[in-house]
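Coming up is one lone chain in structure tokens, specifically the form predicted alone.
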């Protein structure tokens, strides 16, 4: 049902955000209704967090969490793979692709997954990921439900692109789309910015927002109906990502863990990846910018670096644990960002420096709510080719070279 002006005014008064209706009278009826509906759908209860942001995310005591390393995985590969294939064949494993981002840093105005990494042929990021998932579909002789998370900035383009390309051979009956929830972006006083006269400034609610977004889109009904017990969530920007990997699934199940996390050995102590750890005795992740010199140089019982294994945003979650966790509120992270906004003259300003806050929840907080996690080592050159930049480290160039190294024709 559409929101009314009086309902919206009441909500804005409650949170002290009346400024967002400044240009309401200048809008046409359709634009007015779109603005009212956007305000109605925006969670404003989080905005008060600006006033006590220093209390929000305090790290506990960090200690090492041992990973299952390649020799142990290799020794048990047949048993783990059999367990994983059994779970896939019986429909217990689904996959969730986090694809809400745009290819802006790659010089593209399209969704990131539409970026063409090919040289002599077209080879899109989405296509690479579907091909990787198809390897498992063929191995298991069973389709896997794929849930694709988009954002309001790229939903239509993503859906149209995948349909136009016939899902790169994937069974369309097993593909489900949902949009990531958006959170308002504010100035330093917690006042919501406008990015247009009829539009609040918003940003995605962080990579920890995927499950609540999925739930609100009604897709847990599909999960329940299909008997899916595990969800493998993964990022769009790693073209070598192995999805619903039977060995990984089987190892997580056999070790009685409720989360599995694929990890790689870091290529340098200060590499910009988060690392698995225990925080106050529970699984967690320390972000690279939180790693102190002391943690970087710490050694485990074998004399190896204690915080050696970086996460690659490929996690396997037990659904019943996700449902339990989502009923609690995840911690909120407030991040300083450059936020385009309308100035007092109604002109759009694109700031050069941070000018406000965005609000996010993170996957690491979901993991920290869980009792057990299996860090599962994978071979870096075979499974980690992130595309963050156009050239240089973690770029289109480096990913292309790794694709070729793994026998993919570009």
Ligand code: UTP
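Between two forms, the rigid core is the largest collection of C-alphas that superpose within 1.5 Å. Numbering follows the first chain given and starts at 1. Please read these numbers as outputs of a predicted model, since none were measured by experiment.
Here the subject shifts to the form predicted together with the ligand, a form of this protein not shown in this document.
Even though the ligand is not shown here, does residue 138 get within 4.5 Å of it in the predicted complex, heavy atoms only? It does not: once the ligand is placed as it appears in the predicted complex, residue 138 has no heavy atom within 4.5 Å of it.
Even though the ligand is not shown here, does residue 313 get within 4.5 Å of it in the predicted complex, heavy atoms only? Judged by the heavy-atom cut-off of 4.5 Å, residue 313 is in contact with the ligand in the predicted complex.
Flag residue 252 as yes or no: does it have a non-hydrogen atom within 4.5 angstroms of any non-hydrogen atom of the ligand in the predicted complex? Residue 252: no, not in contact with the ligand in the predicted complex.
How about residue 237: is it within 4.5 Å of the ligand in the predicted complex, going by heavy atoms? Contact with the ligand, yes.
Among the candidate residues 283, 94, 103, 274, which is the single one with a non-hydrogen atom no more than 4.5 Å from the ligand in the predicted complex? The option sitting close enough to the partner is 103.
Contact assignment for the ligand in the predicted complex, among 215, 76, 83, 207, heavy atom within 4.5 Å: Selected option: 207.
Per-stretch contact check against the ligand in the predicted complex, the hit in 160-168, 105-113, 190-198, 315-323 (non-hydrogen atom, 4.5 angstroms): The contacting stretch is 105-113.
Hey, which residues along 385-399 are within 4.5 angstroms of the ligand in the predicted complex, non-hydrogen atoms only? Sequence-ordered list has one entry, 388.
Superposed on the rigid core, does the Cα of residue 326 end up 2 angstroms or more away between the shown form and the other one? Comparing the forms between the shown form and the other one, which are aligned on their rigid core, residue 326 does not shift its C-alpha by 2 Å or more.
Does residue 105 count as moved between the shown form and the other one, where moved means a C-alpha shift of 2 angstroms or more after fitting the rigid core? Yes, shifts by 2 Å or more.
Did residue 384 shift 2 Å or more between the shown form and the other one, C-alpha, core superposed: Superposed on the core, residue 384 moves its C-alpha less than 2 Å between the shown form and the other one.
Closer or farther in the predicted complex, the Cα atoms of residue 103 and residue 122, when the shift from this form is 3 Å or more: Here the pair is closer than in the predicted complex; there, farther apart.
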